[in-house]
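Just one chain follows, in the form predicted alone, and it is written as structure tokens.
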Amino acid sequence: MSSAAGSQGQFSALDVGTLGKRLENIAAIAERVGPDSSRWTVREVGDGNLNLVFIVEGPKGSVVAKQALPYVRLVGESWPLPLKRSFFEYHALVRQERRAGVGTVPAIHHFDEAQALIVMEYLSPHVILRRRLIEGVKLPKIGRDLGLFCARTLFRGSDLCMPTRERKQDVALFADNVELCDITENLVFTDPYFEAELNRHTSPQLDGIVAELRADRDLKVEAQRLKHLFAAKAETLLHGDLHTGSVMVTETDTRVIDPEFAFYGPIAFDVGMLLANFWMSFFSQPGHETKAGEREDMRAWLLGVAEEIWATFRAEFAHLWRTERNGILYARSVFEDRGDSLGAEQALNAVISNIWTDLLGFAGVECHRRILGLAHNADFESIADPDRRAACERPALRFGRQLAVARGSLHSIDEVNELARIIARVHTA
């Protein structure tokens, strides 16, 4: 990996014609692609909301180049956004690889801070996980891989594990990711619950339930309590935008990408957002089937993946608690060193219980913002017929409301999955 912070002059947005010349004299790139950019093929493939993404192919191999733009690509120059988000993405990827292991995120070959440019491993034949779920493809390793990634990055980035000075320095570093936190704080927790300018939904099919949710005082209070939690509980370094569009997969490999929203927040946030996307995929499946009942096996599998993610997270978090709890929280000097291992287990159970309750709330508001806010999921958006799409979105909205408001009465993943089944049946009948 090479770094060239500040070495490339004034920022300029790259394109397929200029990227090669920018990269060809960088040794780490030439080693992987080839030294002569005239023999490279450059394609712009970005389909996200924020950035430019290029695939660079040459005689020796391929890399991916990702460049931030000084605005939100989805909206345009009317919504400016600082280039420093690539700085946070770079530092998050470095930490995630260290905490979750080599091969869990793309390897970084080069970072240029001035150009907001990260050049990283080209993942092939990987595809975006969300696309596979829309296609009805089951991936055998995904639940375990994502459960381990969450447990390891979230535990090892917290005061449960990190040296306190190192962690506080990290908190200060990522605290400057203000603008991307502001996007989350507004788009996830606030905008869906009133008539925000950038909101959109399937209309008129969902107009009734949208009005109902925006008049739901209990729901709005819970959404704001969750926003309070998100803003105030700096427990660990989060990915910050962990969903099925931030994961690339093959049958045997899972990589987590795009952590530009990284910051220190509640452990439950990443897990809740991730699980919400599997539950939304569950509700979306009938919209993609060609005959009634065709996707029932896929729906059952998706609920099973949600169960496996949570079970794996719990087991690995508990393992790390027992073997790597060397930070300032729940000190061993208070428990194990005094022969009180049962006290340590009681504390672990309390921590896990709080994570569980909080993640359900975060999952609930994620279901809402992906249907009512600015940035929607392809799970629903790729259903062309608006009546059919609304028939999938409506139960997902009901489910999200129950998670947010009634999360304290849902005590297991089995109960939540059964709630999803019941709501799906009621609103499909």
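Numbering starts at 1 and follows the sequence shown. Predicted model, so just to flag it, every value in this text is computed and none were measured.
Not pictured, yet referred to below: the form predicted together with a small molecule.
Asks: Can you pick out, from Ala363, Val63, Leu50, Leu397, the residue that has a heavy atom within 4.5 Å of the small molecule in the predicted complex?
Replies: None of the other options qualify; the answer is Leu50.
Asks: I need to confirm a contact call. Of Asp241, Asp191, Glu222, Glu316, which residue comes within 4.5 Å of the small molecule in the predicted complex, counting heavy atoms only?
Replies: Of the candidates Asp241, Asp191, Glu222, Glu316, Asp241 is the one lying within 4.5 Å of the small molecule in the predicted complex.
Asks: Does Leu69 make contact with the small molecule in the predicted complex, using a 4.5 Å heavy atom cut-off?
Replies: Taking the distances in the predicted complex, the answer for Leu69 is no, it never comes within 4.5 Å of the small molecule.
Asks: In the predicted complex, is there a heavy atom of the small molecule that lies within 4.5 Å of any heavy atom of Ile355, even though the partner is absent here?
Replies: Output for Ile355 is no: heavy atoms all beyond 4.5 Å of the small molecule.
Asks: Taking the shortest heavy atom distance, is Ala28 within 4.5 Å of the small molecule in the predicted complex?
Replies: It does not: once the small molecule is placed as it appears in the predicted complex, Ala28 has no heavy atom within 4.5 Å of it.
Asks: Classify Ile257 as contacting or not contacting the small molecule in the predicted complex by the rule of any non-hydrogen atom within 4.5 angstroms, answering yes or no.
Replies: Answer no; every heavy atom of Ile257 is more than 4.5 Å from the small molecule in the predicted complex.
Asks: Pick from 37-45, 398-406, 377-385, 363-371: which stretch has non-hydrogen atoms within 4.5 Å of the small molecule in the predicted complex?
Replies: So the stretch in question is 363-371.
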